[in-house]
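To begin, one chain is listed below as structure tokens, in the form predicted on its own.
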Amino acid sequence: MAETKINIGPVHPSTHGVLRLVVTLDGDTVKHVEPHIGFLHRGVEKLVETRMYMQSPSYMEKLDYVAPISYDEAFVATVEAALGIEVKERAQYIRVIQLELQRIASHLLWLGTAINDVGQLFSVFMWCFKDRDIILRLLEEATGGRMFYVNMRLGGLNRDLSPGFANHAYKVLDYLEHRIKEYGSYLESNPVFMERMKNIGVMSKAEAISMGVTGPTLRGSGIDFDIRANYPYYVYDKLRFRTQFENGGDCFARYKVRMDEMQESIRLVRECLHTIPEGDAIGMPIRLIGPQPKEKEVVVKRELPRGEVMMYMVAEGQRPYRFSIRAPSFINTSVLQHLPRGHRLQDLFPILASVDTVLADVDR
């Protein structure tokens, strides 16, 4: 049978953004996938180099609009490393709380869209968005923003937690813990879901390492690596944190990692709320002219919901001389050239969903 080429995207609902996939087919079998990116490029790294340090966090949050606090924190931590600023202890706990709540919200959005990609009930998609909205309201209570927060300040935060935040958070966590178990029971007893996810897009340990993937995509191939555990920051080394990984290497394994990570994030937030110290958590006010950098060249690593981000900054004067990001979505998207080969066209969509890319993070 003659090979054919078809375009998927860049405005396809299952490409999760402006991603174009040129797929070569032999009948219904995928022979090759060529991802085309760059439709969303905004030159954020260069924009950062033209602005004072703390004029840029709002740009960072748009890079991953599904988990904006994560990029905000990573950038501010990079500036803190360059300027030699220590983060207050209470602020460290609050940052972890907000980062882990953001991780749950991100994974819930992923779960709803992934279920939609494999042709399951649209109701699950809506349930996930409803539960995610509960977390967004909790983050709004903590930061004052609903989607973009810009709550990180040098050495601390813009806003401390309100007096009633802990009680509200405990109720939300209890509810979410029950709901995530319900999602797992429902989906894993569904034969159609299991058939679409099991043994699809298998990536071995060696392949995951050689392709440089990160985050749940890496841990789904049986690799016990998480920046929070291997290179802990803030108070992660004080918490009873366990890296979640699965040995299957397929779409189902990557699904399981994210489901388990949501439960682990719930445990981490509870522990932080229980042990958070009293004190001041407010950081430095935003100023156009800040202190002179103490480190000329810094690299900061963080574990985002989509995987490891690395921020490289050459500090000079009142603004970065050079700034570059190794974005997890960009690296993980590269596996789309490899994983779908030999599968049917319909399997391309659960594979794409299991990688969990955000195209603003890819293009930057």
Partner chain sequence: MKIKSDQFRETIERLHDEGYTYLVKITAVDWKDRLEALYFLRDLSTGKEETVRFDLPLKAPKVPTIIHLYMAADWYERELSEMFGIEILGRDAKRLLLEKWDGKDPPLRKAFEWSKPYQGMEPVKFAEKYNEPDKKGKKGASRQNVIKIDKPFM
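It should be emphasised that the depicted structure is a prediction, and the values quoted were computed from it without experimental measurement. Numbering follows the first chain given and starts at 1.
Below: the form predicted in complex with the partner chain, not depicted.
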Would you classify T214 as touching the partner chain in the predicted bound form, given a 4.5 Å non-hydrogen atom cut-off?
yes
Would V192 show up as a contact with the partner chain in the predicted bound form if we use heavy atoms at 4.5 Å?
no
Close approach of F225 to the partner chain in the predicted bound form, 4.5 Å, heavy atom
yes
At the 4.5 Å heavy atom threshold, is K31 in contact with the partner chain in the predicted bound form?
no
Would K88, R103 and I351 all count as contacting the partner chain in the predicted bound form, using a 4.5 Å heavy atom cut-off?
no
Segment assignment from 206 to 214, 239 to 247, 153 to 161, 258 to 266: heavy atom within 4.5 Å of the partner chain in the predicted bound form:
206 to 214
Within 29 to 64, the residues that have a heavy atom no more than 4.5 Å from the partner chain in the predicted bound form
E34, P35, H36, I37, G38, H41, E45, K46, L47, E49, T50, R51, M52, Q55
